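Take a look at this one chain, the form predicted alone, written out in structure tokens.
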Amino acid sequence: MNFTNRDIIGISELTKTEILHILKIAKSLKQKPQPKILEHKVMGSCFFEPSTRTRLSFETAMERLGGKVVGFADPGVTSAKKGESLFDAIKIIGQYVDVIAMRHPIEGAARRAAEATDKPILNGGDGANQHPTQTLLDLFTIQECQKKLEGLSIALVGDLKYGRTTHSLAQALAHFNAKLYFVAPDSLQMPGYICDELKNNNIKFSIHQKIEEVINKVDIFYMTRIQGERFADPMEYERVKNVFVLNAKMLEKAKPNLKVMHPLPRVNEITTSVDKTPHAYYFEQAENGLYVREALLGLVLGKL
């Protein structure tokens, strides 16, 4: 299966077979590191929006495969501050590096970047649009903790309107006959176009407003924070920011195999009491980002 020079912009561009291949490679890298396969390769780490896990795991992945990293974590230190366009910036950066991992606050920015260079673009999140590498690490984590991907019951909870991680994950789970529960206030429910896609793929989903309605029914409880930075109206954010808070007591009647996931960072939506339960799996989830991003880097650079 050839991924060489391929852009990874949106999860919907990957087939089920391709997704499973990426997960297989990630598992092999977790079990057996490959510290030299990207020697003499350089990754451009271009983060026009704040990031901790995505940026650091991309950079660590590149270095653990033997490659080097150049880039920035603050667009204020780039010529964007002087008015340089994204297209021009990526065109130039592409002349210096072999692959670009990027995040940008504007939807569609990753696609625009891919038009500017012939080097592969790995989308680390573009606005409220897509976050395909997060989805791949989520799928890897689900497969790891449930020993399968097919036929699971999965709750997506919190900010489903602006949450790019939940958009991508819902689309990807359509490949695996999941039963989905969308738990959010009406103002933050899953966008209609995602629901329409799921209906077209005969994927069962239901809409809820309370955690208690679903917590005892699911195998995966995927929590997300309410993203204040995406709200045009600060008052709307204040109304919904603490609408869902998961604590250990709420998990007392959960299925034994239930795992709680979160793309992180968390704010108030999962109390630290959950960390001590056997259901918590969000820190393992974050670690898995390293292996999935290693797999993607090796694949698009033609070394895996």
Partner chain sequence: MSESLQKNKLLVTAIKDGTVIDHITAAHALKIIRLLNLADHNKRVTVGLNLPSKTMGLKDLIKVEGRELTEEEIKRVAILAPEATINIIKNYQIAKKFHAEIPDVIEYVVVCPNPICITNNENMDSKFIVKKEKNNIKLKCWYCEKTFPQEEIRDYKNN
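Predicted, not measured: the structure shown is a model, and the values here were computed from it. Residue numbers count along the first chain shown, from 1.
There is also a form predicted in complex with the partner chain; it is not shown, and the following applies to it.
- Partner contact region in the predicted bound form: 107 to 115, out of 177 to 185, 213 to 221, 143 to 151, 107 to 115, criterion any non-hydrogen atom within 4.5 Å of the partner chain.
- For the residues Asn201, Ser85, Gln209, Ser206, the 4.5 Å heavy atom test against the partner chain in the predicted bound form is passed only by Ser85.
- Although the partner is absent here, Gln130 is a contact residue: one of its heavy atoms lies within 4.5 angstroms of the partner chain in the predicted bound form.
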